[in-house]
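Presented below, as structure tokens, is a lone chain in the form predicted alone.
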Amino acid sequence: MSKVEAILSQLKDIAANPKKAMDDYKAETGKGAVGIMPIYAPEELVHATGYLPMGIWGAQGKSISKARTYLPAFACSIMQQVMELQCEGAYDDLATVIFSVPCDTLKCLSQKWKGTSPVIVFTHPQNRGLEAANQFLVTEYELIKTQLEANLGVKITNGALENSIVVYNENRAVMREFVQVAAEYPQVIDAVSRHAVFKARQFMLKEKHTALVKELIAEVKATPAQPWDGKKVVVTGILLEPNELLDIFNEFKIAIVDDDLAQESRQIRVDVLDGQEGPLYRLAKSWQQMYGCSVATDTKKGRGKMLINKTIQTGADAIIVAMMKFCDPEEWDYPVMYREFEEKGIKSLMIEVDQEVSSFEQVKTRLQSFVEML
């Protein structure tokens, strides 16, 4: 096994076994984990406590039954799966759970949490350009800090938080470099591997993830890049998984050369800026810099233009929209983006993502036909 294969295997194992990652961390440090619900939360605050931030993004192919009691059938499958898992006690070992509530379904779920872990709920202001909105978010983050300290029995110092900001900024920068390397070496970093590198960062301390990804990048770049004889795409949406779906991309030689996935590159898009202001203010300020996201209000609707620019910059053949079933914010963005793609002559395909689905034959047929058309 090569060094690249060994690193990817390690990251894939972590991505596939979050419970083991959490248990291993607790055995190593004596501290547990804090659940992070989609889509955005100030993870740096959790990192500064010494606890492990753990992403909560549902599960794949699990039959929904208990969740139907609490959520309507038209709630997105991520929230359905999260509700099902919490009803079964899957999250009871978490020390606490942090909710941002950018959509109606997340609001409902935060109020109907059935796990035993205490819940911290906060709101991102959507009129983001105002200084008053930033001050509001600072207040929200102060409440998160106070509740984390109470729930975990720790004190979050400014020094620890400043250190966490540095750790997270470095991780985001390294992951942005990884995106470029993956685009240059699609034979080495296929769709499944690319996703695993992103997903593993949800279940690891960011400094350890950064070290592994740096090593991976160095090993990959040590070999010459080869011409790619398949197709290249930019993908957008909430998430694009499981591996069975990504295997179809590999089967038809579809390389993901950039993404705008909420589970992936939206997490690394914006750094916390340096400045004289305190760490909470700067953490809040980064929300004003978020762009091209369906849950971050943008009256100018710049997401489509951003994706077109990504397509041009990467030389991609097309854009694939991974539409999370019943995700209203994503569905509202799509007609605007589609019209812009058509006006610019950019080929695109929309595929539906549903975590309850276990068969992908329909998606396979659509992707095969799309590749043949390209």
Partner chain sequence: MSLTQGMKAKQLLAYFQNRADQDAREAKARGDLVCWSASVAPPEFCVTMGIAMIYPETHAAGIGARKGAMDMLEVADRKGYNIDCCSYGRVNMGYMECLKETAITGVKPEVLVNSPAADVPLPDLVITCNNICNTLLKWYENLAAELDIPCIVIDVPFNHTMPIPEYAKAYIADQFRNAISQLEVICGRPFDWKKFKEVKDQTQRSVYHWNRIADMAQYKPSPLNGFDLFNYMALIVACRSLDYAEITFKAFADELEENLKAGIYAFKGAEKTRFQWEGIAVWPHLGHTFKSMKGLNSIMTGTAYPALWDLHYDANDESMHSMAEAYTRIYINTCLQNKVDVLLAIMEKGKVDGTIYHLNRSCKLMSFLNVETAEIIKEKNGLPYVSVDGDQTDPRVFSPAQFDTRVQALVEMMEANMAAAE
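Note that this is a predicted model, so its numbers are computed, not measured. Residue numbers count along the first chain shown, from 1.
Not on display, but discussed next: the form predicted together with the partner chain.
Proximity of residue 335 to the partner chain in the model of the complex: non-hydrogen atoms within 4.5 Å are present. Within 4.5 Å of some heavy atom of the partner chain in the model of the complex lies at least one heavy atom of residue 104. Residue 339 belongs to the set of residues with a heavy atom inside 4.5 Å of the partner chain in the model of the complex. In the model of the complex, no heavy atom of residue 276 sits within 4.5 Å of the partner chain. Only one of 204-212, 229-237, 117-125, 174-182 places residue heavy atoms within 4.5 angstroms of the partner chain in the model of the complex, namely 117-125.
Think of it this way: in the model of the complex, the partner chain has a heavy atom of just one of 187, 157, 223, 297 within 4.5 Å, and the residue is 297.
The contact residue chosen from 95, 71, 85, 290 relative to the partner chain in the model of the complex is 71, the criterion being a non-hydrogen atom within 4.5 angstroms. Although the partner is absent from the chain shown here, 110, 132 and 329 each have a heavy atom within 4.5 Å of the partner chain in the model of the complex.
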